[in-house]
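One chain comes next, on its own, written as structure tokens: the form predicted alone.
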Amino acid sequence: MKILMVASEANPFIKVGGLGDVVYSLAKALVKQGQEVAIVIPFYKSLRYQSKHAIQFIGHLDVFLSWRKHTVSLLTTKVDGVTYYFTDAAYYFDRDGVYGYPDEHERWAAFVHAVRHMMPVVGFQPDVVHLHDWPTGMLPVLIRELDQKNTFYQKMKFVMTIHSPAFHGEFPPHLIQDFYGLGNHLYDDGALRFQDQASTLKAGLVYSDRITTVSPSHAEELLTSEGSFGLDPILHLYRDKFVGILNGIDTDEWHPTKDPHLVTPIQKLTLQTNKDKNKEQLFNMFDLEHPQYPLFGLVSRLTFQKGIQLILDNLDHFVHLGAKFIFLGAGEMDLEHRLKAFEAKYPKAVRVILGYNNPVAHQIYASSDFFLMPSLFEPCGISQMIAMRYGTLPIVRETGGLKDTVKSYAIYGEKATGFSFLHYTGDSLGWAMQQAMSLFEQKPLLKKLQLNAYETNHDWEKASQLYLKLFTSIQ
């Protein structure tokens, strides 16, 4: 089967959040199952300066948005058996960032036009086009409205995956004609209409053959008015083609016994000793005191979604109990400043590293005793699965994929893989953290839970099999 992944980001070339990991890892897993998989993303400014992969020019095409004409270069390379295509529309994508520009909808309109015309030019005719989030949602609309009689496209099937339901790709209805050359009847009859705007996400949901999201629990949440960000009426309408498939993690990158960023590998028979050696190294690196005390780690975007406020509510109390904290991430300025204020207040107990540093991320996952992930909502999440792979026990709120992947100590006892709490309050997180502090003193039980987490399998094999079964069902 030929599968084309269409996305705004994909490792190893561009990554802003978990989407980049998912697109690359799922594609790689499908290749291992004998499928022919390609990924297409824009050719960003940063890609011009990468030297690790040999990217080749293969052609060009013209893209029209009403009166605007842009010549788009097409490039390609291959990584881990996956063919990558890049659409180089410098006017729109030769910029420092990936998202957040004033002409955002025009940029992604140009991208989907380029992808549509690219397929016959490069000779890749997919059986299934797998769309990821709102930037890609108009592609099946264009093909099914404008290419109905073109035999190249007639047998293509489309699958739309919702990664970030809070972003709908809303834009003024008059731009349906201006950006896409489509009639306003698509808005008037409701196909593209969402909350009095046009929506690229809704477009993808309506025009795709199947809809997925990134965990079973999140699929259930998206069918409720409280957890759907307004999508529940649409998803109820298409309930028979909607399913949740849990993401995996890239076990080649996150490999505790072969991780080049660790001072010593994390191995099953010597797990606690190995973790302690890495923890001592991390404390020395960041000038923290007393590594014999519990370490709570976090690697995350510092945003309201990630529950940083709940952590701030608890820092004073748990530092006074002897806990240590190390945070790696960037995001909302207010949260960054407040975390930094705690670092200044407790310089030997709290460390905040702003930005993203991949080696340090690996060291935090491996060295921490507990990993904080008290998210307000989390469609899937991969950090909790990465932490468990290194024998680090996650502390999560019971939402989305966090609920699906972590067995809570309060429920499973010695068979648990971490801790969880339900209500989004500082007190609820504090209750779970207190359980972790108490467990830390019970070394045999702590080791048992660490081994449970370490031996939990969250690779992409099962998820890729479910996706392949889904793709096959619509052929």
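As the structure is a prediction and not an experimental result, all values here were calculated from the model. In this text, residue numbers run from 1 along the sequence as written.
If you look for the form predicted in complex with a small molecule, you will not find it shown, but the lines that follow are about it.
Of the listed positions (373, 319, 339, 74), a single one reaches within 4.5 angstroms of the small molecule by any non-hydrogen atom in the predicted bound form, namely 373. Distance criterion of 4.5 Å from any heavy atom to the small molecule in the predicted bound form singles out 358 from the list 273, 358, 148, 195. The small molecule is not shown here, and in the predicted bound form it never comes within 4.5 Å of any heavy atom of residue 98. Proximity of residue 305 to the small molecule in the predicted bound form falls within the 4.5 Å heavy atom cutoff. Contact annotation: residue 463 falls outside 4.5 Å of the small molecule in the predicted bound form, judged by heavy atom distances.
Heavy atoms of residue 369 never reach within 4.5 Å of the small molecule in the predicted bound form, leaving it off the interface. Contact with the small molecule, judged by heavy atoms within 4.5 Å in the predicted bound form, is confined among 224-232, 382-390, 310-318, 196-204 to 382-390.
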